[in-house]
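Heads up, the chain below is alone and in the form predicted alone; it's given as structure tokens.
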């Protein structure tokens, strides 16, 4: 008993390309360069998500639950907290990880849903510019905070 592969029902149907394959976005005849960027971005999302889970829970516990709750959070509390390099680094790492995590997630959404290359380019430029501004301003605030104002 010989087994044969089933013939396609419609021989004139176009060949389907796998979703998100390099064939969809490359020009015919262009050299295909293989990169592991998406793998590294995927791994970064998992690691940063895990770190952010503990950083944010610690932040929420300290700011909202410990020693009287949110009523005590004011300029003096922040000045006292940021007098320690440990808390400045905690907040800086939380800022950087949250911004990079969110930027990477939105980059993935843009890649998945923006169909035209030009639209994808401009949406990513807007995303990267806004991420750069948020990280720059946040870092500036953390490092130049002066409690004697």
Partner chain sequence: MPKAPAGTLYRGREGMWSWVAHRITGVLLFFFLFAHVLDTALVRVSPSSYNEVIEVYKSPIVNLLEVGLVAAVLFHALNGIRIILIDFWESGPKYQKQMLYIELVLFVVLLVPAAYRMLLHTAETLFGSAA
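What you are looking at is a predicted structure, and each value in this text was computed from that prediction instead of being measured. Residue numbers count along the first chain shown, from 1.
The discussion below concerns the form predicted together with the partner chain, not included here.
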The unique member of 109, 89, 117, 83 whose heavy atoms fall within 4.5 Å of the partner chain in the predicted bound form: 109
Does residue 60 reach the partner chain in the predicted bound form if we count a contact as any heavy atom within 4.5 Å? yes
Give a yes/no on whether residue 93 approaches the partner chain to within 4.5 Å in the predicted bound form, heavy atoms considered. no
Interface membership of residue 137, the partner chain in the predicted bound form, 4.5 Å heavy atom rule: yes
Residue 42 within 4.5 Å of the partner chain in the predicted bound form, heavy atoms: yes
Taking the partner chain in the predicted bound form, which residues of 122 to 149 have any heavy atom within 4.5 Å of it? 127, 130, 134, 137, 138, 141, 144, 145, 146, 149
